[in-house]
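Okay, so here's just one chain, in structure tokens, the form predicted alone.
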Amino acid sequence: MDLHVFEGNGQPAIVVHAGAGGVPQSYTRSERKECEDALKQAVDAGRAVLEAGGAALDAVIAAVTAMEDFPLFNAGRGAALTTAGEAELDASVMTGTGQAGAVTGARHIRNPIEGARAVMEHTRHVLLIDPSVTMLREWGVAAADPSYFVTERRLRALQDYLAAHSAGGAGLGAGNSGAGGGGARHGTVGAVAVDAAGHLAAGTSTGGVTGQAPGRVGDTPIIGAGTYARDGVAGVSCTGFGEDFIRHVVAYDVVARLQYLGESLQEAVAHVLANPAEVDGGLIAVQPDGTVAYGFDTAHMWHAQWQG
């Protein structure tokens, strides 16, 4: 397990991730550099909001949107494809005050994290399946044709996956091969922030896993599994094999351990990631004082942070 905690100083902070697993073998050195630059740009987008006195929610949305627009990450454009060759996008957002919104199986939202926010702010619901273009227009959320999300890299990854699992259809929809082949589980993006007022927010967005069955839902849009935030305690965003995070309600478990058991952030994260056989992936977290943590039990997790 790789776990790091950076103490806060009472100032705003933001941390982002872009997937846990391994760096895809198909990525060139320049593409890896592009990923690192994209992470920095995402942090900078959130940082700009926080430094201007903006809300943690706005910082999280800005950071996640930047990563959804970067085609080498598994969210928004360039997301993993189902066995049907389509992108079914999931996203969720939660504020420390208990507000939450999510979308799953979305095929028309240009930036799924914006759709999740719209569900939170414009409906009395928490989770909607594939909101229609009409709904998006009513909410003022940008739509996109489903073809916008499909890239050549993801099509090749799907073809490789289908070829490898073609014998009798065994394994279709299983595994967590998020990007570019090579057995990589690189997928899901997320951000957690605390603002100058001490309010927390967390958001997560993904295309799921390459070769997943149409209609499959992972942890990302499920509040408490992939995303959770509670003012005065912590905010969490997860990445990894979604079924694990659903079974163990990982994001909420971290916060509950802090609130009810009095564990430190390091102890709480270590506990939930202690058994790779139960939870395969990683997470990021922020506390009200600006303390930042990231941990993962995989070979790698893309991440970046800023503390005021």
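Quick note: we count residues from 1 along the sequence shown, nothing fancier. These numbers come from a predicted model, not from an experiment.
FYI, the form predicted together with ligand ASP isn't displayed, but the following is about it.
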With the partner omitted here, the residue among R216, R153, H122, R107 that in the predicted bound form has a heavy atom within 4.5 Å of ligand ASP is R216
Thinking of ligand ASP in the predicted bound form, which stretch from 123-131, 108-116, 142-150, 201-209 has heavy atoms inside 4.5 Å of it?
-> 201-209
If you check in the predicted bound form, do T188, T220 and G240 all have a non-hydrogen atom within 4.5 Å of ligand ASP?
-> yes
